[in-house]
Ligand code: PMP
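Next up is one chain by itself, shown in structure tokens, the form predicted on its own.
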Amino acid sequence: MNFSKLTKQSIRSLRPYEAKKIPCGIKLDANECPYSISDGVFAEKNFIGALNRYPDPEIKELRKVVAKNFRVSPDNILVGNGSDELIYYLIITFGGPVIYPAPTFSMYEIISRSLGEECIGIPLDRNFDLDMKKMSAAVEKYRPRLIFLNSPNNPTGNCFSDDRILKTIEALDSRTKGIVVVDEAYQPFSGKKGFLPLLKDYKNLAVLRTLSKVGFAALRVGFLAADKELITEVNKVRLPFNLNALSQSIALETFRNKEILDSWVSIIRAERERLFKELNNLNGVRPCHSEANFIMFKVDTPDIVFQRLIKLDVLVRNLSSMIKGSLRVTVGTPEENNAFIKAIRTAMHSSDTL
């Protein structure tokens, strides 16, 4: 039976999101936190409750703690099975056209296309910032319902200029009454405060946060903060019991012990600066300034360097198909970063042509 003939037209040309598993001793390819709940106070907790009962469908306790942390009301918070689910819900609820910068997090495009919505990537400028001339033209032409802005941006690592984000929010509000979603998955690693404090000033602003980058990627817990009326509409399409009891319980504990997360973030930020200096001092390597937990860097032969690093038991992300000459390394523990520095030095000076 040819199932492709039964598949919706919008799905036929899609390729599934690929998270390839390449065995390496030092894994620095997926922007994961190198620290986990096996460290410290979390190891002493028993998170297993009554598994024969459904979890809290309204996720009340977690929403209450998150709201306090974000300085908003619980009515301004929606919790998802990772930010991916919340992105999905936003696009189901409000539809398209959907606009996002390019390059950026791939799920904005994948989810939009899977739902049959028109989606448009707007190229960034030469500094990987929002190109306001192109963005304004796209708003006029496509009249988008949603614009997703990943800041700090994956894979480039930089934050978009605050004034350009604000101009985009104001332009969308005045022209199409659409929504700007600022995805702040990497904000904890940035020196900027982020856009949560501006929610009260802009009804068409929504902010995404996640626990995935600060040590809890396996939980799949994301947060949408926005105007109460926006949350009410998106909540209409939320699946019942969408966040399991174990994830709710551990996520709640992370906010009660936020000083542990803060200590992990501080270590990663310090290591990021050390890693940047090391890369910047290496001939043939051109690192990009980063506000995230990773660094994108350029080399003349990215495919060769990527394969050499794998042979040296270090895995990074090859971005050369997306951004010419680019690789991306996640900031790991000091020991992992030392191993990477040693490996990249060897890879850059090797005569091995593979």
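Keep in mind it's a predicted model, so treat the numbers as computed, not measured. Counting begins at 1, following the sequence as shown.
In what follows, reference is made to the form predicted in complex with this ligand, a form of this protein that is not presented.
For Arg269, no non-hydrogen atom is located within 4.5 Å of this ligand in the predicted complex, even though that partner is not displayed.
Among residues of the shown chain, Arg220 is one whose heavy atoms approach this ligand to within 4.5 Å in the predicted complex. Mapping the unseen interface onto this chain, Tyr202 falls outside it, with no heavy atom inside 4.5 Å of this ligand in the predicted complex. This ligand is not drawn, but in the predicted complex it has no heavy atom within 4.5 Å of Asp173. Note on contacts: among Ile179, Ala185, Ile111, Leu230, the single residue with a heavy atom within 4.5 Å of this ligand in the predicted complex is Ala185.
The contact with this ligand in the predicted complex, taken as any heavy atom within 4.5 Å, belongs to Asn154 out of Ser190, Asn154, Thr254, Gln248. For a residue to qualify, one of its non-hydrogen atoms must sit within 4.5 Å of this ligand in the predicted complex; none of Phe128, Asn158 and Ser326 qualifies. The stretch that touches this ligand in the predicted complex, counting heavy atoms within 4.5 Å, is 211 to 219, out of 232 to 240, 67 to 75, 211 to 219, 159 to 167.
Counting a residue when any of its non-hydrogen atoms is within 4.5 Å of this ligand in the predicted complex, there are no hits in 269 to 286.
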